[in-house]
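The chain below stands alone and is given as structure tokens, in the form predicted alone.
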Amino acid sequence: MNPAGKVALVTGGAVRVGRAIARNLAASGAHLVIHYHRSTEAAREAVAEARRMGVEAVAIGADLADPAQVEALAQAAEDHFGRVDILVHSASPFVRASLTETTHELWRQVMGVLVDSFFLLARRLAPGMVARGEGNIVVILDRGTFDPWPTFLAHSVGKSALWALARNLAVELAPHVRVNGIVPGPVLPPPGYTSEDIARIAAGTLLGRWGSPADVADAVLFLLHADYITGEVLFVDGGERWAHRRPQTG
């Protein structure tokens, strides 16, 4: 798929990795629906930035844990542009909580944003993609998708469920809609990371360094163009998942 002239909805598209993805899509000629929750000013800036690149863009706020707001987001996107060709699900709460620390309310909030909202958006938008004979869906995952991460229990389980849903959709929506995932590694330090934290994480990759949100955004564009890839996950992590296999020295 050539993104030029297509309409892309990016959840969490106002900040961090989602913002880089939205920027890359706009630079490639895609019109944008930038979803945000609380980052109102950042969303306005993202829209202005996209319009300076010569594409149309709109920011739509929604709490993705609320099904009614998710439905309203999809409706507003279709009302504005008439269609959505590309869905990138990047929004992701990142809450540290173990089993005993995870309340039912927290569990439902995280699952709502990660899994339920993606299900609702896909159910609403994918039929139009199928009817038009072309569509692309990309979900942003992380290492918790595949590895136990008990200190981030709801997040890790939610990402695993998100990927399970995405690969099921890859089967159901073929051949017209391709569905893939991306697992970023260290590309953007969380708030509060010290220089020691940053150095330690860099040393835990094969490349010995951090990447950037632009690396993830480039991977999204690759998957849009790579029309013989579906139901797959692409790691953009500097080899972090294999770093523990390095031969020991000394």
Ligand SMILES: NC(=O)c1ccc[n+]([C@@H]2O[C@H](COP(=O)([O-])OP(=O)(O)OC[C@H]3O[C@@H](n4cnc5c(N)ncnc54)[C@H](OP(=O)(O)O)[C@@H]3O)[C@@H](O)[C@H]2O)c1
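The first residue of the shown sequence is 1; numbering continues from there. The model shown is predicted, which means the values in this text are computed figures rather than measured ones.
Beyond the structure shown, there is the form predicted in complex with this ligand, which is absent from this document and is the topic of what follows.
Proximity of 90, 113 and 141 to this ligand in the predicted complex is complete: all three residues have a non-hydrogen atom within 4.5 angstroms. Among 55, 223, 47, 187, the residue placing a heavy atom within 4.5 Å of this ligand in the predicted complex is 187. In the predicted complex, none of the heavy atoms of residue 178 sits within 4.5 Å of a heavy atom of this ligand.
Contact annotation: residue 39 falls within 4.5 Å of this ligand in the predicted complex, judged by heavy atom distances. This ligand is not shown here, but in the predicted complex it comes within 4.5 Å of a heavy atom of residue 15. The closest non-hydrogen atom of residue 218 lies beyond 4.5 Å of this ligand in the predicted complex. Across the options 122-130, 153-161, 96-104, 169-177, residues that bring heavy atoms within 4.5 Å of this ligand in the predicted complex belong to 153-161. Along 50-85, these residues reach a heavy atom to within 4.5 Å of this ligand in the predicted complex: 62, 63, 64, 65.
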